[in-house]
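Okay, here we've got a single chain as structure tokens, the form predicted alone, with questions on binding and movement later.
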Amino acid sequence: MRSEVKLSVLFTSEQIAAAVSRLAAEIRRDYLGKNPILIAVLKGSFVFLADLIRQLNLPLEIEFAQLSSYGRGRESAGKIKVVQDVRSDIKGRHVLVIEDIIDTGFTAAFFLDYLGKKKPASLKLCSLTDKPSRTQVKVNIDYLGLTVPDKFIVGYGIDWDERFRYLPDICAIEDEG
């Protein structure tokens, strides 16, 4: 039996929707006429991706990649591997990586470097959230939704050990004690 976890709301579903709408407007402006490939990093970004593409209103393609860096706890395992690679050839294409959170920066830096070797026409990063207090590797976030404090967040597709993805808000797990 899992113990109860105390959550506090950091961003409401309305605040998230406003951030997604703003990001969609910025992306639509920059990618008009380019038929970009959006590569969503699973699993955490799937809800964000779904809401984002409904507002983009432009021709695009979707790909998914799954990377492994977190174990079962709340800290990074430190090593990153590609669990599921993109299937499309991205050479010469405009690629936008969709992330749920930039935490230490290790995963995003690894994946951007990995994709860059495939010679896309352009490669940019869109992240729903950023946690600058935890940055260890600086990555350029071209499109950023929300900045979060140094707390472990869940909700809106983001999980903790496969829990809490269903929450409509982004919440912080409050340490007990």
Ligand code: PRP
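Residues carry their position along the shown sequence, with the first being 1. Here the structure is a predicted model, which is why all the values come from computation and not from measurement.
Another form, the form predicted in complex with the named molecule, is not on view; read the next lines as being about it.
Contact check for residue 22: no non-hydrogen atom falls within 4.5 Å of the named molecule in the predicted bound form. Among residues of the shown chain, residue 43 is one whose heavy atoms approach the named molecule to within 4.5 Å in the predicted bound form.
Remark: residue 90 does not count among the residues lining the named molecule in the predicted bound form, judged by a heavy atom distance of 4.5 Å or less. Within this chain, residue 159 lines the site of the named molecule in the predicted bound form, having a heavy atom no more than 4.5 Å away. Annotated contact segment (heavy atom within 4.5 Å of the named molecule in the predicted bound form): 34-42, selected among 143-151, 118-126, 51-59, 34-42. Residues of 107-127 placing a heavy atom within 4.5 Å of the named molecule in the predicted bound form: 107 alone.
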